[in-house]
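Below sits a lone chain in structure tokens, taken as the form predicted on its own.
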Amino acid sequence: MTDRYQSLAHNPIGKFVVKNLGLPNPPELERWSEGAPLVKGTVLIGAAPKGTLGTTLNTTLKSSGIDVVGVRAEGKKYKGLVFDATGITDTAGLADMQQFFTPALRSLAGSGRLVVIGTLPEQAATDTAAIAQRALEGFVRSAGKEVGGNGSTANLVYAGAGAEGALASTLEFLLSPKSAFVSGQVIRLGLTDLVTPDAVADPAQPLAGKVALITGASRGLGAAMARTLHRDGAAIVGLDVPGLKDELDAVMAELGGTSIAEDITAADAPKVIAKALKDAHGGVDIVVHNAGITRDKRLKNMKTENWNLVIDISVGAPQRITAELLKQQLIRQGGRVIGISSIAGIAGNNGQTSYGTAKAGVIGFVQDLSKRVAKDGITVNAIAPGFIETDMVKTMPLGIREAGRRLSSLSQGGQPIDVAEAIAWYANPGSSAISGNVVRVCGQALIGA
């Protein structure tokens, strides 16, 4: 859906009105386009004394084709600012981070990126180090709100023990325009034993040879995910309800994929899906549980049948389908299971008790399953979208719609491609150190954590 306010704010008259009345001024966000470099500009890196990454950070970024420097030049603009905070062992050491960013922020280009890399607080060597590392979260979230006005973002990566060499796919995502609507997020590497990244033969098509199942793939977010994973080389299996078979078939025909027309809440759905994947591909590498519905009502007016349907589609059916695929050993080594949560499952929302419950359940599903399947070389993560410009937005009252758009650090709604790019990052073979994570794609919405 078109954001008319954003268009108005960027014409000459609108600029004058917005500036003089102090109204929200949504920046133009830079998004990645095929054939473009990963980062259009130079990245400045810094480090606290005794940082554990050493030359790894510099080498990792350069191997990803990113132009990196370690000394700021007066008058030069930087597309990214990356700080190795792993060497901060007490709160006094946090000043090292401030001393890097304060002068560097004056050189940050539009749609720039701030990335801080720390150590998982629970793995810190001392209590003072754990406290200082936890403080990084407040820094990043506050910095994200400062830089959002020019389309820039700020994010934190905690690298667990042994995960220092698995940063590449995450830094490529966070520093590139692919993460345009991801800000104020905390990403944890090494929560499970899966820390060694798989090799990527072709960076332009990292998912070549992989098979991806996407539920709810006929339209909106699901169709965007299908197109994006196909762009990255995956063979797509799209699933949707029988009533949307024509739309699903059209998307799959475009991508050379295959369709499964099935109600995922049906008792035999897990076995039907498993058989289709086994017969067509011998298994699956990426499972994206995207299907979901809303039946919004205040709790006092909620119908039990609607409550049950919302819960089952978002979290009950994904559990049963995943369990069946695991039972038949159809999710291959290095597999990815990805759930779609929502900021409603984190912060709650008036009139969405069923939806909020379901999407919080997705988080529980991820946190539980990720630990159980790590031994099988499978990662489990979730994306929690915020306000995304889909057809569903048209049904919202104007006031709620505008509030959803403006109440974020980036003062606008996201696009379906923003969610799809985050899915592609999780699916990347280089992302095997990422499991048990829930990352919001919400432009750093001002509600929730």
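Given the structure is predicted, the values throughout are model-derived calculations rather than measurements. Residues carry their position along the shown sequence, with the first being 1.
The same protein also exists as the form predicted in complex with a small molecule; that form is not shown, yet it is the one meant from here on.
Asks: Given that the partner is absent here, does I388 sit within 4.5 Å of the small molecule in the predicted bound form, heavy atoms only?
Replies: Close contact exists here: in the predicted bound form, I388 approaches the small molecule to within 4.5 Å, heavy atoms only.
Asks: Taking any heavy atom pair closer than or equal to 4.5 Å as contact, tell me whether E137 reaches the small molecule in the predicted bound form.
Replies: No.
Asks: Does R113 reach the small molecule in the predicted bound form, with heavy atoms at most 4.5 Å apart?
Replies: R113: no contact with the small molecule in the predicted bound form.
Asks: Decide whether V393 counts as a contact residue for the small molecule in the predicted bound form under a heavy atom distance cut-off of 4.5 Å.
Replies: The answer is yes: V393 has a heavy atom within 4.5 Å of the small molecule.
Asks: Please pick, from H281, K371, R72, R219, the one residue with any non-hydrogen atom lying within 4.5 angstroms of the small molecule in the predicted bound form.
Replies: After the contact test, the surviving option is R219.
Asks: Please pick, from T170, T153, T119, S342, the one residue with any non-hydrogen atom lying within 4.5 angstroms of the small molecule in the predicted bound form.
Replies: Checking each option against the small molecule in the predicted bound form, the one that comes within 4.5 Å is S342.
Asks: Looking at 329-337, 237-245, 202-210, 188-196, which stretch has residues with any non-hydrogen atom within 4.5 Å of the small molecule in the predicted bound form?
Replies: Partner-contacting stretch among the options: 237-245.
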